[in-house]
Each structure stands twice: as structure tokens, then as C-alpha cells.
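Take a look at this single chain, the form predicted on its own, given in C-alpha cells.
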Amino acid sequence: MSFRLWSLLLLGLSLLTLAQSGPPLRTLAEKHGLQVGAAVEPNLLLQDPEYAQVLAREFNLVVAENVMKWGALQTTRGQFNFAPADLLVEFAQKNHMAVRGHTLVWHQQLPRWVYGDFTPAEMEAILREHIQTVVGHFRGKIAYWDVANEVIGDDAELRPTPFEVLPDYLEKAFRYAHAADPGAKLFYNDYGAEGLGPKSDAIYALLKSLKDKGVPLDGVGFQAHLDLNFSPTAARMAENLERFAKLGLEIHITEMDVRLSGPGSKAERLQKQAQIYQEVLQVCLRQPRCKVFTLWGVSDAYSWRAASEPLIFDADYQPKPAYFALQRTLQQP
């Protein structure tokens, strides 16, 4: 086969894939008043043109996978590096995408200096300076901030953290963020709480207490790092989301991926994966306060769970059954 014929064949296959894929997810989601997002590493925007193309075509929201975490922004006390995060924001603005800031307070990916022997007053100053500097830097450019991430542990108790020397650090974090950018919506974000259970009960109690104190808390993010055993119906996910909605909170699916590992053939597991993506999206669409549906990555090639192929595009950016399941769901009235 000549090079020209081979090139035409490849072009034809590429066009066929595009024709089969139909309208991009972002176009379909906007008709439902929904933002569909993906977690992003800004260096990939420069290194992999196809990554940037798929991201811009399919999604209307981006979240920083790592570059807005404390350890990335302020490795040395008082010295901030915003360059990678600024790159992500600029990409989003050029492609008419909203931005989610992730995350201001977390017990992981902290620089070593935060673990010093600080008094409550010293820790309050550290927390205030970081949040006001970071949120202030992006003022008007970030639609949503994950102010607090994974505060509740798997045992349904508060996690240990360097910030706990300041008893009301959580309340103060939200107030500092609101003061720095009153236009951004502020969220609590966590995993393993998609359904009813002790952990989601503890998160509900925590957020209710914050609301009762008048803390500027706008919403709750459910990460949805799932596997093939998850069932939204069995977990009573819709019922769980409804109780948070009744607190007056906006609801977001913030980090969804579904591990492909488990029994059965590859084709069977891909269909099960697609079913779970579809069912979680359906739960979100049926909940009036669910406004964002975000995946923790774009392609399996760069996923933090790459070995288990958890995303809707494979390592070669080909749409998987899960992609088409989301597309079909969004095409419904």
C-alpha cells in the first residue's frame, strides 16, 4: 500500500471516529444547565496536543489535578509559584471553560514547613496568608473552590492535620476564602460518601453545623472514585444527595473515575463501567441542585489509576463505551 493510500485510510478512520462520536459532551451538557469537567495537569497541555484538543472539545470545566494544592503553590513559606496554575486558567479562558480551584485545605501534599510547632495564633496567620494570597491571585477567574478536602476519615471521624492546632480552622478557611473572592462558590469535597452510610452521615453533620454558624459554604463535592461493584441504587445515592440539597447546598460530582478491574471479559467490564458512569450521571441530572459532573482526568494514559483504565477515553484518546453512555444520557430530554 502506498504512503498516500495509507494516509487516506488513516484520515478516513479518524473521520469515522469523529462521526461516530457525535456532539461533544460539553455541547450536550449545556442544554441541561450542566458543566462537565476534567482534572488537568497543565504540562500535558504543552506536551500532548491531542490531550489539549480532546479537553477543549469535550469539556466546559477544568480542575487542577495538583498545581493548586498547597505543596505546589507554596513549597517555601512566603514564596508562591503560580505559573503552572496560571497556564491552566489561561487555557480555560481561551476555550470558554470554567475553572475549579483544588484545594485550599487538605491533610496531604503539604510542604514540610507546615508541620512546624506553631501556636494557634501562628497557624491562623499561616492559614489566612495562604488562602488570601491564593484566592486573591485568582479573584474573578475561579468559579468554584474546594476550600476543604477530605476532612472526614474513613472511620467517620475528623482526620489529624497540622491545622488542628487551630480548633476552628475549617470555619476560618471558608471565611478567608469568601473575603478574598466573594464571587467564587465555596465547597467541601470528599470521597466515599456518594451513598448513605457513616462517613456521609458525618459529612452531613459537619456541613450542617457550618451552615448553622453562618459559614459561607455553597456546596458539597462527591468525588466518586468508584469500582465496578458500585451501584447508585444500592448505595441510595439519590436519597443521599437529596438530604444535602435540602441543606441549601449545590451538589457537584467532582472526581469521577471507575476502575475496570474485576472478573469477566474486557468487553463485559467495559459495559459495566459504562453503566456506572451512566447511572451516576442520571442521578445528577435528576437532582436539581447537581450542577457539575467532573472526571478525574481525560485519558487513561495519564490517570492516577492508569493500570485500571478508569476514564472515558482510552490511552489513544478513543472513546470507550462509557463515553457513549454519557453522550446518550445527555441526549435525552
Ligand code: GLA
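In this text, all values refer to a predicted model and were calculated from it rather than measured experimentally. Numbering starts at 1 and runs along the sequence shown.
There is another form of this protein, the form predicted in complex with alpha-D-galactopyranose, and it is not shown here; the text below is about that form.
Partner proximity in the model of the complex, defined as non-hydrogen atoms within 4.5 angstroms of alpha-D-galactopyranose, places exactly one of 115-123, 98-106, 235-243, 131-139 at the interface: 98-106. Among heavy atoms of residue 296, some come within 4.5 Å of alpha-D-galactopyranose in the model of the complex.
Interface residue remark: residue 150 is counted as part of the site for alpha-D-galactopyranose in the model of the complex, having a heavy atom within 4.5 Å. alpha-D-galactopyranose in the model of the complex is not approached by residue 185, whose heavy atoms all lie more than 4.5 angstroms from it. Residue 26 falls outside the set of residues with a heavy atom inside 4.5 Å of alpha-D-galactopyranose in the model of the complex. Of the residues 199, 208, 225, 172, just one reaches alpha-D-galactopyranose in the model of the complex with a heavy atom at 4.5 Å or closer; this is 225. The partner is not shown here, but in the model of the complex the stretch 59-86 reaches within 4.5 angstroms of alpha-D-galactopyranose through a heavy atom at 65, 69.
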